[in-house]
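First comes one chain, alone, set out as structure tokens in the form predicted on its own.
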């Protein structure tokens, strides 16, 4: 086996390794999305003093842990209804257009020190471009359904995402100014030095704007007017059933995981330990069998930060009522965008006087 592997060209070996990592990351993401739906129902249930799913087991063990698989089986065996007056081609491919960018962006996300599936220098532009593509699936779903309710939900979503995409883009301009690089790995490395050296400290307003924009981009409560069931039945996916309906929610939860991961990368040091710079490299703490590896930089820190931001997503849903559409647009255009513009000018002053990330 080793002789066969050595006989392959360098291109073939690198392609095989990349393909293997793509499969691993995709499988982990799909399982994470499945169990995020369960965690949402359990966490919000605890907040509301109820149990959440606790019946479906895995091989008779772990009550509730089989619920995501039961939901998938239920949706897979349901009939897929395609409206007779719809554009059948666009109707069928719209869920895929929404889902694929949420998975493809992970190609440039550094998931370990010095490792990303594609370590490209224009990673930030790649992220911005693909996060903008996802909205086309929502718009196509609403238009292709040939339903007034679906089309209204799609137009709401388009206007909302345009507003918050601009705010998100300006927030990332601030990150670019602080790191002086479009490479996400370099963005993380520039935050070395511990908890107070991460971008959140110097770019706190941009962090708040980015996270709020991420919640709005994913159509999550309290910004879920694109799916306003009390006003427009169910919004852009009202005509979808079975697995087509499931793919939209798979995309929504995949985007939640993505936004949480990107928030950790851009503002909270990615895979860096919060103790980096505060605990000496030769400290005896690193010699403790179980604790030592956890204190080092690594994927576990990225996963921990990602988990915290996902809990914040769910906390927002359990806490805030749905905003009116005019309130959402006013927040995007008249509050978030001006905040980012002002803070970019503040960054210019910090860069001029060598403060924070620009200090020698």
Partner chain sequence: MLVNILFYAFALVLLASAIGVIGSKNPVHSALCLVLTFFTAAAIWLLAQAEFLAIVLVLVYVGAVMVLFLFVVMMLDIDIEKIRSGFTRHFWLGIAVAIVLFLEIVGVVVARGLGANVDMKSGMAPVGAADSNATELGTALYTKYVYPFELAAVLLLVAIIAAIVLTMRQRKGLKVQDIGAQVATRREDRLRILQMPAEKKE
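Positions refer to the first chain, counted from 1. Keep in mind that what you see is a predicted model, and the values were worked out from it rather than measured.
Beyond what is shown, the protein has a form predicted in complex with its partner chain; the following relates to that form.
Of the candidate stretches 132-140, 256-264, 198-206, 233-241, only 132-140 has residues whose heavy atoms lie within 4.5 Å of its partner chain in the predicted bound form. Residue contact check for residue 324: one or more of its heavy atoms lie within 4.5 Å of its partner chain in the predicted bound form. Contact check for residue 87: a heavy atom falls within 4.5 Å of its partner chain in the predicted bound form. Its partner chain in the predicted bound form is approached by residue 159, whose closest heavy atom lies within 4.5 angstroms of it.
Residue contact with its partner chain in the predicted bound form: residue 189 places no heavy atom within 4.5 Å of it.
The candidate spot formed by 25, 29 and 103 is out of contact with its partner chain in the predicted bound form: none of the three has a heavy atom within 4.5 Å. Shown without its partner, this chain lists 112, 125, 81, 73 as candidates; in the predicted bound form, only 125 has a non-hydrogen atom within 4.5 angstroms of its partner chain.
The partner is absent here, but in the predicted bound form a heavy atom of 330, alone among 50, 300, 55, 330, sits within 4.5 Å of its partner chain.
Residue 182 is the only member of 173-203 with a non-hydrogen atom no more than 4.5 angstroms from its partner chain in the predicted bound form.
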